[in-house]
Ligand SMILES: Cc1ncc(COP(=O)(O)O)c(C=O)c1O
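As a starting point, one isolated chain is supplied in structure tokens, in the form predicted on its own.
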């Protein structure tokens, strides 16, 4: 077995006891299964194997260098959402033609960075952004390939905070405006429209919105070709969800079966931008019980040493993560709120969880935290960033050491 499972009463990662890792490296601690990342990447790649495609891993899900390097070694390309993520991609070994640059608010400096490097494409978000790209390109006497990010006004049926394809969202160019805009862009000397891009949301567990978005791009590509703009590829984005609560979600094969029949007749190559689907189940957050508190007539609280500065998803999205004791306990089950140590009532990892009676210093694992976990961590309350460990072939490697207070304050006068 690979990933996280129990050997007797102990929760392990690829056979390595999580309790040993917590003892060696402290808590809070992120632990990743390299084998799980490999298998989940390959599942997507193999599902689309009979059609021209490129996988551009979405660095926003988890941009720890070792994880980016692992995915590059598997054949992945990169999807960057900022100049900083472009720099991470380069340091991880990706070359500029393997990088697509996405993001709703790219600065002029970031656009110049992408143009000077020669990234594969810039996913343009607006008419104004295209004007800025054109001006920078003409200044450099070059021509830049772009893809138009289309907002198809499709409900991804996920959390409102991670929905990106509705007309009420800030992302992309309205479908109704793309044709006219494209006619305007054809007269520009600094840009060439070579692709169409759509990303309608994240944590999508119903494939129909993804299929509809792909169909909208296919139809638009046909119309643009008739008008004189030859589209070379379709960027279908990412967003495929994972099971946080153990319920069934579509797998990579079902994902491919939903999209390929829509695009196959065009012959256009496709770009996919998975992130969460690859890395979320590959990580856990280890945390220890600091204190137990029973409010008279109120709730029982298990106060942990990890909180919303380490994992913000429960607070930000009311997201659910399974939380389990690392060593199976025979204590009677109780209902409690599993909360963090921060000075915020929203600092809660799980509400009304039925778990064996927690004890101070007991070790717990918050599951499926490989995506949007460490990458969204903060220093609120002057808390230090947690360490991160990767398990490969039964060996544990620290891929990000725990931050020190001196490092935290180094930029301050």
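Numbering follows the first chain given and starts at 1. Small disclaimer: the values here were computed from a predicted structure and weren't measured.
Beyond what is shown, the protein has a form predicted together with this ligand; the following relates to that form.
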Any non-hydrogen atom of residue 283 within 4.5 angstroms of this ligand in the predicted complex: no
Residue contact check: residue 41 to this ligand in the predicted complex, 4.5 Å heavy atom: no
Distance check, residue 106 to this ligand in the predicted complex, heavy atom within 4.5 Å: no
In the predicted complex, residue 152 touching this ligand (heavy atom, 4.5 Å): no
Sole residue of 314, 209, 274, 190 within 4.5 Å of this ligand in the predicted complex, by heavy atom: 274
Partner-contacting position among 67, 29, 366, 58 - heavy atom within 4.5 Å of this ligand in the predicted complex: 58
Contact check for 79, 203 and 372 against this ligand in the predicted complex, heavy atom at 4.5 Å: yes
Candidate stretches 224-232, 195-203, 289-297, 329-337 - the one whose heavy atoms come within 4.5 Å of this ligand in the predicted complex: 195-203
Neighbours of this ligand in the predicted complex among 239-261 [non-hydrogen atom within 4.5 angstroms]: 239, 240
